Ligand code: SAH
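Quick setup: one chain, the form predicted on its own, written in structure tokens, and binding and motion questions come after.
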């Protein structure tokens, strides 16, 4: 079997880059030690968007706006993205990045805690991308399911938690055990819910792709 680091390095070597504004924001994020979606996740999203072409997207976890801009830039069809962020230090940066990318009319930033915001939303989304507080994924799920359109897709990032998900809870650092427990509950709930068709894919830090059937 090919070691994971060799496989990851080879995949990354094939990356063709992003649009100039995304390259700029990514460089700034790396310099500022701000986490954004990994290269292989970026590639996956771009391919997925080309296939699904969702017209209405909900993102849970804006950070500095990189992934929202990427989804708008690489979606072949016109779309609108609602994105939720609670961290007040990153909200103004995200707003500025949306302005720089000329996405103010196609991306709406909703400020606040997703647990409080999600119940207030209505309508249906063709795609939901969840990349926020990992320990809250299980708590987001009822509203996510309500907000997904029929045949809509939920993509959840950072499922494997740098490998912690595969370990016994006793092998995980004590401070991470609650997240470990909740993430396992979340993955189990997704894979055993008869309304979803879910697969776990080892892209980046692991993702689940769930289709509401």
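Positions refer to the first chain, counted from 1. From a predicted model like this one, the values you see are computed outputs, not experimental measurements.
This protein has a second form, the form predicted together with the named molecule, left out of what is shown; the following refers to that one.
Q: I'd like to know whether residue 125 contacts the named molecule in the predicted complex, with contact meaning heavy atoms within 4.5 angstroms.
A: Taking the distances in the predicted complex, the answer for residue 125 is no, it never comes within 4.5 Å of the named molecule.
Q: Would residue 129 count as touching the named molecule in the predicted complex under a 4.5 Å heavy atom rule?
A: Heavy-atom contact with the named molecule at 4.5 Å: present for residue 129.
Q: How about residue 101: is it within 4.5 Å of the named molecule in the predicted complex, going by heavy atoms?
A: No, residue 101 stays farther than 4.5 Å from the named molecule in the predicted complex.
Q: In the predicted complex, does residue 112 have a heavy atom within 4.5 Å of the named molecule?
A: Result yes; residue 112 sits at the interface with the named molecule in the predicted complex.
Q: If contact means a heavy atom within 4.5 Å, which one of 47-55, 144-152, 66-74, 183-191 is the stretch that engages the named molecule in the predicted complex?
A: Of the options, only 66-74 has residues within 4.5 Å of the partner.
Q: Looking at 133, 138, 79, 93, which is the one with a non-hydrogen atom within 4.5 Å of the named molecule in the predicted complex?
A: If I apply the 4.5 Å criterion carefully, the residue I get is 133.
Q: Where, within 75-89, is there a heavy atom within 4.5 Å of the named molecule in the predicted complex? Residue list please.
A: The stretch 75-89, when checked against the named molecule in the predicted complex, contributes 84, 85, 86, 87 at the 4.5 Å heavy-atom cut-off.
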